[in-house]
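First, one chain by itself: the form predicted on its own, in structure tokens.
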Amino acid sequence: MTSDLTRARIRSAWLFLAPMLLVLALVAAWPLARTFYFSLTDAELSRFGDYGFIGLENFLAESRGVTYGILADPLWWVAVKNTLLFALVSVFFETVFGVIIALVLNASFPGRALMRAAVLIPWAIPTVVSAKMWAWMLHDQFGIVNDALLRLGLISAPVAWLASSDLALWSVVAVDVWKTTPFVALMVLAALQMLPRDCYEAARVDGIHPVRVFFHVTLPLIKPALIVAVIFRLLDAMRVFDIVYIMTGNAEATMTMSVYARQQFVDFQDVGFGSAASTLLFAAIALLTVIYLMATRADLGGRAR
């Protein structure tokens, strides 16, 4: 039976949450609802006030034996493949490198404070600046990367890192890993500093190898923080736009779902089609997040079983 004190605490909690929920409804729920509504229309920027309801035709439709809509567009499926590859590969390497860097920064050595500050520099640089900087460094004619590799004899001719359809996506992934690995390292480092020291003392006294200690003690204890860091990075990677668009524009080899939606909105001025692309992007992010939470058996309170 719920006591008066419990009911008072619940009322106080909802009272404190009300402003946040109101702001969330205004800046997130309402735009999302409008986007879904426009995805069911034939709205265009050139005649925005004159549009009609067309149902699911922007997603998939058939007329006289011809199938059309986003789900029938090969370019959209290319964007889906690129987005999934970008998200899975970049988050995997960011997690691995982030844990390694956090373990190093958690150890005691001279200059540790300076090293911690230096590691955060890539994350502190605005994405637009770092993307433009790397676009110049990876330029096939006068980029410093090709110049260094030529001087070292590792390549015989300049490589078109961002113009090649085989290398462009992986070049963007590498830049994203360089930029956002410090975020994962920072989250893991915070978790490492909260771990009890007596476990490690007992393992040291028993002579257990440090690798076994990491997999059987450290990794399970930092798992909740690691899950949160991966969720944040996965959500960010799935909706990636700025770093891809700045480095390679609308190139098909690197087109992501966000770049595809932007192309429909701005270049083709098709609000209905662009809204449908944005709706599918939101659905994909939500589905991937739910699958990840179920796979890791984590709850929103940060506890993992």
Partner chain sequence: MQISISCGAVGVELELCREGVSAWEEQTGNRVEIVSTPNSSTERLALYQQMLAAGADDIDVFQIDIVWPGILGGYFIDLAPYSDGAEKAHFPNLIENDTVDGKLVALPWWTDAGVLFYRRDLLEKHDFAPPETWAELTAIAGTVQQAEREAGNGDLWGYVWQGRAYEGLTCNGLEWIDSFGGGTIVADDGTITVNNSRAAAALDLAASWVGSISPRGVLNYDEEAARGVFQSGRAVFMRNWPYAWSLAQGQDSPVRGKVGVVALPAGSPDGQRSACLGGWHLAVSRFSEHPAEAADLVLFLTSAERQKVRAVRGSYNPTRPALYEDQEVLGVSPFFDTLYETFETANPRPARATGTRYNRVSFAFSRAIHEILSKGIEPAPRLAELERDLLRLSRGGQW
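Remember, it's a predicted structure, so these values are computed and weren't measured experimentally. Numbering follows the first chain given and starts at 1.
Although not depicted, the form predicted in complex with the partner chain is the subject of the following passage.
Contact between residue 266 and the partner chain in the predicted bound form is found at the 4.5 Å heavy atom cutoff. Of the heavy atoms in residue 142, some are within 4.5 Å of the partner chain in the predicted bound form. Interface residue remark: residue 249 is counted as part of the site for the partner chain in the predicted bound form, having a heavy atom within 4.5 Å. In the predicted bound form, residue 119 stays away from the partner chain, with no heavy atom inside 4.5 Å.
Only one of the listed residues (191, 203, 160, 227) places a non-hydrogen atom within 4.5 angstroms of the partner chain in the predicted bound form, and that residue is 160. Here the chain stands alone, but in the predicted bound form its contact with the partner chain, taken as any heavy atom within 4.5 Å, falls in 255 to 263 among 33 to 41, 276 to 284, 255 to 263, 51 to 59. Contact residues in stretch 68 to 95 (any heavy atom within 4.5 Å of the partner chain, taken in the predicted bound form) are 68, 72, 75.
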